[in-house]
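Just one chain is shown here, as structure tokens, and it is the form predicted on its own.
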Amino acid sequence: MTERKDDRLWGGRFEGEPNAQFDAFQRSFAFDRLLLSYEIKVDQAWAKALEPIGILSTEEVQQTLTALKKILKRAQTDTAWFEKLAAGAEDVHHFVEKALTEELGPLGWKLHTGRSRNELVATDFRLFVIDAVSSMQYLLGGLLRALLLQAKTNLGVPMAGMTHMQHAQPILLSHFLLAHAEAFIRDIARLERAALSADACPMGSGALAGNSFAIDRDAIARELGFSRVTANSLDAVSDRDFALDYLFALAGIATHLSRLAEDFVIFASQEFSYVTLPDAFSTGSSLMPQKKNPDAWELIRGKTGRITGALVGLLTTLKGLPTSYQRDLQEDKEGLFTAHDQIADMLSVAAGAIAATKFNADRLCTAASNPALLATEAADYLVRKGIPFRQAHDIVGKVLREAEKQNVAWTALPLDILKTISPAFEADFAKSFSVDAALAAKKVRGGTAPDAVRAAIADLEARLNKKATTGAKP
């Protein structure tokens, strides 16, 4: 067999050496080395698929499988060997072929029969995304359980619900925490859709046109754990929708984390004092000794920009590409890998910070007791007296204006004054209003009444047991 003097995967066509700066510029092993375990897995499936079509003998398949297993183990344990071989590797595919031929000699060159790096990287990347989804579901489960525990612990604590950052109506703190939980439950659903999008095996697509050796694509897909094969070879090597779907799911998680962070930054301020920041998830000032800063939440809020940026970056890369594989697609992985790592850290920190946070029940109750939060209850009172809501709304507005003129709480206005505004007010009016009554009235499913919130807690717990636990620990 003719010896190869150039170990590049594409070098035979070229006489001269590549420009050194360009050669370094076009290499990707610095980041796609993360796909090594997936590359080995795909190589093992491909080796098995080459036996039925006569490219590899049974003995050669076993030799190749043994060598691939050894390469992966050595890469994980022998740092010196790994770094030496990595120094000359163009990408993860090149690294494995170099290691394989080092181990097997010319037999190592046979493995690439009938396949392209175009389909290889698409397959490796899909396998990564499927595993990444599983680990992200696990981490989301941890955050959701932290929110659930706080909702259970603080079930009886009311707070001032707000719209437009203004006091609106009383709600339960647990209701507020469950609102955030619902957003993260939706993130789990988005992750599931990303995994479904990635769950199609490109192997057998070749560089773009398919495979010339009658390879059994379905067998390869089953070996790798895919539920189906890609439908079109040209699309298979260039499709990165699964990466977009995963980045979109990550951007959704980041956005929800950022909103959660914003709430807790505000709640930790002296103006609100709704929470006491845990020491373990806070920092101090290098100048002001009294400071305890919500840096965990601020950093989570700040890092959201780079996650969104990764999604926009890949969309921008893809938007102008002609059909089939283009080298621009080398830019599909770095941003996604970084976004994945950042979200994993953000979820872990958020879960820890939520679990360790102490809610200041007295402060929350005081804010919830502001009579202004019961104004809608007054309108509802009038509605029950037969007055149309729009008219009732106007009447209560006049009551509030009169209270402002007299510089008293509107609930302190005497009945005779109320009757000058509307004869519908009766003696039972003053006894009809309290935070507890306002909360209890919102007993519809999804409302903030204590019984409704208890039901929501039980429902979330059931959904968590069904969904979040499907993930695997990173």
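All values reported here derive from a predicted model rather than from experimental measurement. One rule holds for the numbers: they count along the sequence shown, beginning at 1.
FYI, the form predicted together with a small molecule isn't displayed, but the following is about it.
Novice: Answer with one of Asp91, Asp263, Asp245, Glu97: the residue that has a non-hydrogen atom within 4.5 Å of the small molecule in the predicted bound form.
Specialist: Exactly one listed residue reaches within 4.5 Å, namely Asp91.
Novice: Find the only residue in Lys303, His340, Arg115, Lys333 having a heavy atom within 4.5 Å of the small molecule in the predicted bound form.
Specialist: By the 4.5 Å criterion, the partner-contacting residue is Lys333.
Novice: Is it the case that Leu144, Asp187 and Arg463 all touch the small molecule in the predicted bound form, with a non-hydrogen atom of each within 4.5 angstroms?
Specialist: Not a single residue of the candidate spot has a heavy atom within 4.5 Å of the small molecule in the predicted bound form.
Novice: I need the one stretch from 405-413, 45-53, 27-35, 439-447 whose residues put non-hydrogen atoms within 4.5 angstroms of the small molecule in the predicted bound form.
Specialist: Of the options given, it is 27-35.
Novice: Classify Tyr325 as contacting or not contacting the small molecule in the predicted bound form by the rule of any non-hydrogen atom within 4.5 angstroms, answering yes or no.
Specialist: So Tyr325 counts as contacting the small molecule.
Novice: Find out whether any non-hydrogen atom of Val121 is located within 4.5 angstroms of the small molecule in the predicted bound form, and reply yes or no.
Specialist: Looking in the predicted bound form, residue contacts with the small molecule include Val121, since a heavy atom lies within 4.5 Å.
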